[in-house]
Structure formats: structure tokens, C-alpha cells
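Presented as C-alpha cells, the chain that follows is alone, the form predicted on its own.
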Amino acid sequence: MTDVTKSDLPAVSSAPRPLRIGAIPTGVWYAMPILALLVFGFLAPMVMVALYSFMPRGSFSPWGTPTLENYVDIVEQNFYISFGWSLWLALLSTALLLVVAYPLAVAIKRAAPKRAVILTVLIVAPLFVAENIRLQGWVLFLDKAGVLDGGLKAMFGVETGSLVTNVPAIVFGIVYVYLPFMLFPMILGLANVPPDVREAAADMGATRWRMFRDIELPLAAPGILIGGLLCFVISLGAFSEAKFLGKGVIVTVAQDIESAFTFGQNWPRGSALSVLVILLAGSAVFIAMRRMDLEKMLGRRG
């Protein structure tokens, strides 16, 4: 009878084996609902829009002979002007939102808990009212013979005239509507700034600008980046602000898309415009994420 040593026994792995239901891991089964939602609610509509963009004019079916005439029409019929306006409005509005939202985020972060709750509720409350109704309210307030113009004329004999139907009014509307989408990611970013680090920097003689540049801004950068990208993408597709506050003074690409799908009944052209907007927004996000190491900013890598 031979002796069996420990080295002769087959090695048994101590690592836990993933649970499986049949040939598929249970984790995949648990992820099925969200995967189905992403496929049918996000990926499938984008594929349909992409297919429609290569169909001939006036086609209402995504199956046909592919053509590039819709993209050629976009260049020949000067649709790039609306793209330029939308891009400029998105960049300007995002920059203004960064300037406006940062001090407000700092104030909310440093405020007492009860006061911070009150400020948050005041900022969130307008979101419970439809965007079109809020913008129409600003039109009634800023337009000629509106609340502001009529009130000043009645009390002081001063007339402001119409403060809408111009580009600044459109920018104001975008900043007003999308302020919460910039503010709350900033507040989450500022939550990464420990108070004791600021106190230590102040004890060492750092100025407020030095603390902002070397401590607050780097640590809050993830929230600022997310808020900026979010506001840029949704501002790029802004529609109601130009329609209500601009009243046709400029035409954005979102208005061209809406017109192509409704009045023009030209689904392929609307789809082509939509594809270009998606590519533009996706490229901006991709470039920003490539230039900024989000994982390092979040402290996941040394």
C-alpha cells in the first residue's frame, strides 16, 4: 500500500465559482431587464433613425435603397447655419452656467442644513412646472406691454419695450431652465472637498484664489465636468427657448428637426439632422473624457 502525500492530491481552487443558471451566469440574468431597456428604449430607436437618414426623400419606410442625398441637402440648403447657432448657444450657455452655478453650489454646500434644504427646494420647485409654461411666463413678464414694461410705465413712466425676440433672451432662457442640471452635479463635486483640507491650506497662508485653484477645483472637477457635459448636450438640442423667447429671430437645429418630421413630412432629412446632432454631442463628450482622466480625478488610481 503506497503512501499518498499532499503534493500528490489534485489542486483545489479556493476561489468561489460564479453562480450559473444553465450555461449563463446569474449576473447576466439579473442584468436582463436593464439590458432589454437599453436595447429597445435606446439602441433600437437610434438604429432606426440612422436607417431613415439614408432613405430617399419622402420615404416613410427604413427599408429601401440607401442614399446620401439627405446629407448633401443639409450642406446645399445651408442647414449648417442652424448647427452653428445651436453650437454657439450651447457653448455660451454652458459657460454662463458654470459661472452662475459655482458660487451658488458653494453657498448651498456651506449653508446650514435647514437653509440648504430651503434653497434646494426653491431651485427644484420650478421643475414641477412644464418648461413651456415657465418660458411663456417669462414672455408675459418681459414682452412689450407685459408685467415689467407695463408696471414700470404705470409707476414711473418708463418703458422698456420688448426684452424678448433676441439672442440674449434665448440664452437667458437656456440658463434659467438648465441651472439645476449644472448645480447639483457641482454640489456633489464640492462634497469631495474636505473642510479640514481648506482649513489646513488657510493655516499655511494660502489665499482664497490659491485654495480655489489648487484644492477646490481639482477635487470638485468630476462634478463640474459632468454638469458641464450634461448642460452642453441638452443645450445643443434646446428648442422651446428659441421658439418662445426668440420668436423666430434665429432657427436652431432642433427646430429644423421638428419641422422636418412634422410640417415637412420629410423623415429622412429629420433623421439625418438628428444623426449629425448625436455625432456632434457624442464627439464633444468623447473628446472631453479623453482629455480628462475621470478615474484619476475620482481617486481610483494613483
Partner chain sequence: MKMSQFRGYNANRREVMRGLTAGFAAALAGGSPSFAGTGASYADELWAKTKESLSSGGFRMDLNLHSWEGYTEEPVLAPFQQDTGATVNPQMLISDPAAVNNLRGGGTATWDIINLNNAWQRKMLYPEGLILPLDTAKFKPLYDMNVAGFEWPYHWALDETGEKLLGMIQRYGPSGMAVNADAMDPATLETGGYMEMIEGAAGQYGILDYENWVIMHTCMACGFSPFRKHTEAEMETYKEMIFKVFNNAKKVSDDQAALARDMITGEIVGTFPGSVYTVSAPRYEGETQIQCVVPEDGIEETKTADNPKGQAGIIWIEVTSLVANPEPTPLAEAFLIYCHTPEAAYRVAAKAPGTLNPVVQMGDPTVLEKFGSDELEAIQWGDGGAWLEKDVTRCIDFDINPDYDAMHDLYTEAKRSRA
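Remember, it's a predicted structure, so these values are computed and weren't measured experimentally. Residue numbers count along the first chain shown, from 1.
Below, we turn to the form predicted together with the partner chain, even though it does not appear here.
Partner contact region in the predicted complex: 143-151, out of 216-224, 110-118, 186-194, 143-151, criterion any non-hydrogen atom within 4.5 Å of the partner chain. In the predicted complex, the partner chain stays beyond 4.5 Å of every heavy atom belonging to residue 207. None of the heavy atoms of residue 102 is located within 4.5 Å of the partner chain in the predicted complex. In the predicted complex, the partner chain lies farther than 4.5 Å from every heavy atom of residue 64. With a 4.5 Å cutoff on heavy atoms, residue 82 counts as touching the partner chain in the predicted complex. Residues 243, 247, 248, 249, 250, 251, 256, 259, 262 are the members of 223-262 with a non-hydrogen atom no more than 4.5 angstroms from the partner chain in the predicted complex.
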